[in-house]
Each structure stands twice: as structure tokens, then as C-alpha cells.
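So this first bit is one chain, no partners, the form predicted on its own, shown in C-alpha cells.
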Amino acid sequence: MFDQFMKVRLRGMIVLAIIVVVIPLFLTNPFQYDLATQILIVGGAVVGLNLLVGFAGQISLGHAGFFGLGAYFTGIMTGTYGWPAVPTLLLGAAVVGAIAWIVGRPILRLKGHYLSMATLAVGFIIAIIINNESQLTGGPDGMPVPALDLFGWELSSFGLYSFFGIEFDGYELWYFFAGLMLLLAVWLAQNLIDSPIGRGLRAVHGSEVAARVVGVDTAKYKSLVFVISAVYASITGSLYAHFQGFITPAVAGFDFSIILITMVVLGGMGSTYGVILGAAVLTLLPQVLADFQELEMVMFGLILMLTMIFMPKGLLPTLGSMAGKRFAKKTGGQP
């Protein structure tokens, strides 16, 4: 059984890596690279959120708050105080994780819509603080963020780099760096899912009462996954800040929180690769619908509604099930 899990995990990682490598063959300009890099970065955030929502069965309607905290911590410490980027990113993740543990212990005792309202309130509080502390954050106008300094080597979207006589644009290198970080995020998530912690999270999702009966410390596991998902959000928020070069309070806003949770639900809760597909769809769909002008949001909502009606388990699980049934029908075997 363990060998089968390892093979499935390795196969998924290989497919994702191939997709990341092949996509640039179809990208022709910096704008397309910008969208693709955003998908990879936000994809890392929703992989972490999926651990909380898809595997532990908890809800968070304020998760963009942790994303924004990571972004602003990096922006303030590297831009205002001149700290090196990588230690700042790691320290920011630790600080956000500590904040998530402090607020998570009491609110995760709640269930259902009470938990939803509590996480929503956390997101609102973080967004309000970022918006009002103008001396640190620039307030509603936002603040610039310096290029990502990787141990003395600056990675900027607008730079030009040369390796072994071959020149690369900064946005191309940012794409592959974000792809590498996404692969790392998926690998860590998959290892967690297949560990005793992952089994504990699935037990909590199935039935907290039954999990407690068999000895699972449900409060501990819910707090742990809340912290882990917040750390994912913080790190990806920091990367997003360096990539964009400028951030505003919108990165911690309610709208972005709803987008993140929608990516998880649309792609398929409990499907690590499905939520990445959800991130890609929700990032690209507004660009595809831009020609509809005033009907853009109507079409956007209609597509999401129809998708959830006919694919309630999410895009990737539903498509995978359909492909399995078709293959079984052709071969005369079981899917």
C-alpha cells in the first residue's frame, strides 16, 4: 500500500513538473508570464488552504489576511529596514504561524457558520490594521517592495540575466522560480497528507466525535493545520509581494479571501492538484471574459454556478472520474 502511495505521489509530481516546464512554450509576452507566475504563487497558497478546508473539514473566510501579513511583513522589513529577503520571509512565516496559533485555538472550537464568521472577522481585523497603519504600510495607497534578494542575487521581473551566454528576462526566471516553489509546496503537502498527521486530519473531517473516541486530539490537529495553512499563505504572500514590486491592502481583503476559498472548492476539495487547477481557472477566466465588458461578472458567476451544479466534487475529481469510467468502458474493466 505504501509503495502504491509513493508511486501515485511521484507520478503526480512528475506530471506537474512537466506542465510547469511545457507551459512557457505557449507564452509569448510578459503579460502572459505574469498571469502564469501569479497562478503558480497563488496555487501554493491554496495548496495550504486545501489542507485546512479539504482535509480537516474546517473553513476560513479570512485567509487572505495571512497572505497579506506575509506580503506586508516582507515589504516593511526589506523595503523600510533593509533586511535580507530570505531570512525575512522565514521570520514572517514564523510570526504569522504564531498569530494563527493564538487566534486559532479559541475560534476553532466553533463549528459551522460560527466558525465562518470568526475567520471572517480575523480577516477583517488584519485588513483594517494594514489599511490604517499608513506610516508602516502606506495605507490605502500601498507600498513598494524591493526585488527578491536570493543571498546577494537579485531577482526582478524587469531585469535581464545571462547564464552560460544565454540571456533570460526576469519574468521568465520568476516563472520558473515560482514553479519550483509550487512543486516544493505540493511535495510537503503530499508528505503531510500521507503521514499520521494527515490521517488525523481526515479523521477530524469525517467525524470529530468519532475521532475523539479513538484517541485523536482534535483540538491539536485543527490548530496545527490552521497554523500550517497560514504559513503557506504567509510565504506565498511574501513571494507575491517581491514579484509584483508593489502591494496594496487588497492582498489581505475580503474579496481575495473569497477568491482563495472558491479556488479550493472549484478545483476540488481534498485534491492537491485540483486546487491548483482551480487557481488557474479563476485567474484566467476574467481575462477570457474581458470581451463581454459589462456582462463579464454575470458570465463569470454563471460559469461558476453551472460548474458547481454539474461538477459538485470539483473540476479535477469530476474530470478524473469521467476519464476513469470512459477507460473502464473501453477496456471492459473497473474504473
Partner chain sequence: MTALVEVKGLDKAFGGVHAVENVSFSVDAGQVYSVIGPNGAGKTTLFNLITGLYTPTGGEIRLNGETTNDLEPNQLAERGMCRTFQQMQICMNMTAIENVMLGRHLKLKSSLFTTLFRLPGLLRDEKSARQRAADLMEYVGCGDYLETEASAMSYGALKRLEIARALAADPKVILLDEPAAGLNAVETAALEQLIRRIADEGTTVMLVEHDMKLVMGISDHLLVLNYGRVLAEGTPSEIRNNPDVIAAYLGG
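Just so you know, these numbers come straight off a predicted model, no measurement behind them. Residue numbers count along the first chain shown, from 1.
We do not show the form predicted in complex with its partner chain, though everything after this point is about it.
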Quick one: find which of 75-83, 188-196, 233-241, 125-133 has residues within 4.5 Å of its partner chain in the predicted bound form by heavy atom distance.
-> 188-196
Check each of 143, 107, 203, 265 and return the one that places a heavy atom within 4.5 angstroms of its partner chain in the predicted bound form.
-> 203
With its partner chain left out of view, choose which of 147, 224, 118, 99 has a non-hydrogen atom within 4.5 angstroms of it in the predicted bound form.
-> 224
Hey, in the predicted bound form, is residue 213 touching its partner chain, heavy atoms inside 4.5 Å?
-> yes
May I ask you to check whether residue 217 falls inside a 4.5 Å heavy atom distance of its partner chain in the predicted bound form?
-> yes
For residue 228, is any heavy atom within 4.5 Å of its partner chain in the predicted bound form, or not?
-> yes
Hey, in the predicted bound form, does residue 160 get a heavy atom within 4.5 angstroms of its partner chain?
-> no
